[in-house]
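In the form predicted alone, a lone chain appears below as structure tokens.
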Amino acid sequence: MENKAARHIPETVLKSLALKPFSGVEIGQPEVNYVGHQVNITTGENKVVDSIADVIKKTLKDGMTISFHHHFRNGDYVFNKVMDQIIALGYRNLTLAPSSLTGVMNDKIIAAIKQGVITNITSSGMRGSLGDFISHGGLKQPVIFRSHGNRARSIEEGEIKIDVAFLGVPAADPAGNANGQTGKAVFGSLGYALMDAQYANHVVLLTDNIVDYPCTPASIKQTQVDYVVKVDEVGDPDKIGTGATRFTKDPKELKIAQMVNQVIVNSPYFKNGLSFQTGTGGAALAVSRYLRQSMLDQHVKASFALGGITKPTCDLMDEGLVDKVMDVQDFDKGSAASMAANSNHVEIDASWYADPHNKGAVVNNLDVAILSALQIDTKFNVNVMTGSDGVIRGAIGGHQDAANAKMTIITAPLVRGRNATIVPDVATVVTPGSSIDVVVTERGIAINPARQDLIAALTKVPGLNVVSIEALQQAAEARVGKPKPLAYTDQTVAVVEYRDGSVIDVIKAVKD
């Protein structure tokens, strides 16, 4: 079956997973039903359990769905501590449903799959050895990849039914009030974990810092929590800002960031009340440095900044250039510390952030989104999931969600090494081309032909080399040549959903 993104989706996959094909980016106004969840009533003041093993025995059974959050990113210690015990206790046939997966989890997940402990996975993405393992058919059932907004929607509508949520927090009291803003392992917003805390049948907090009652502000509340476990360490906040959230010094990425700033400044959206989101990736994160100076020079003040937040964004707020920071996740220690210090730095959950099936997500109010990509094709489709070799090495994150902005800008170098970034067809469609307005590379910018208003505004800007997307693709190909076609097997190893839960693409196993 060919969907609206012109991708062929096996009907057997749609039927076996009870999914529908992608039919376009217009979400409409459907009527949906939110689900309830099991509540295990307790009036106890002290929910502290002696060990992880004890709490697993109290809550977990074979075949259940377990979840974790990824706010610690590569500094996470909780996941491996819990999985060690689950494996040792001999559980089988579990579904793993975290907000996303990071590299520090990979070896444990592969071991759990091989032992039959984990048999299904749904996540925002995966990288490294786990992505390679899955891409070569390591899991019998296909992984389901969902954006952050789509995960919130799926939890609220009952497509993801979490039996036990294991949530690491820097501070909690014995009754279960907790936040990410105090303690030695501060990571800031608990935005993704808040969905699990609200909807999981059992909520288990793990912390290295049990404080006196009441722990406030209470991002997670005692009304939601079943058990609290004291551990030696929950995570290393110094490792939050690594990998995809690094700060770049690369001249090419800085040049791209400067060009993105020129696009924003010369667009209809650069005016008082501007709202924006910067995604991961060196160039996207660097934009705030240049945007700051432009805002000072032209006396422009933004209403809010959204998304995964960095210290440079918080600095804009502290300088009075941004009124509010709406924060679903922090990408460095500086932004994590900001939340506790400034009441205009607001913690939001993933539903408020980006669920397309609620009564209004913050992404619906975005003027500008600056996002990165692994590949972009001549139809402006974006791939952030699979590399040029077809191996899974990325995450949807909030990409599809933020692309709902009035102007969505994709940043990418023309080539990476010997691989073209601008290609005739992306390996995997994650964000459809109809959501993308501008592509910025160091060799020039391409504007979606559907945005004639932006073409008229930006072609007049001195120094901006506005070209067609086809010209960028041909320039990339001229530099690195045509790649050999990728070879796949018939096995579907992953399903990529659009933010409304429809299937926008599938990922096949790569041939050895």
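One-based numbering along the sequence shown. What you are looking at is a predicted structure, and each value in this text was computed from that prediction instead of being measured.
Just so you know, the form predicted in complex with a further copy of the same chain exists too; it's not on screen, but the next bit is about it.
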Heavy atom contact within 4.5 Å of a further copy of the same chain in the predicted complex, the stretch among 291-299, 219-227, 434-442, 141-149: 219-227
Partner proximity in the predicted complex: Lys184 to a further copy of the same chain, non-hydrogen atom cutoff 4.5 Å: no
Exercise: Gly463 in contact with a further copy of the same chain in the predicted complex, heavy atom 4.5 Å: no
Contact test in the predicted complex: Ser468 vs a further copy of the same chain, heavy atoms, 4.5 Å: no
In the predicted complex, Glu45 touching a further copy of the same chain (heavy atom, 4.5 Å): yes
Contact residue in the predicted complex, chosen from Ile155, Val260, Ile109, Met326 - any heavy atom within 4.5 Å of a further copy of the same chain: Met326
Contact residue in the predicted complex, chosen from Ala283, Ala336, Ala200, Ala172 - any heavy atom within 4.5 Å of a further copy of the same chain: Ala200
Members of 22-40 lying within 4.5 angstroms of a further copy of the same chain, judged by heavy atom, in the predicted complex: Ile27, Gly28, Gln29, Pro30, Glu31, Val32, Asn33, Tyr34, Val35, Gly36, His37, Gln38, Val39, Asn40
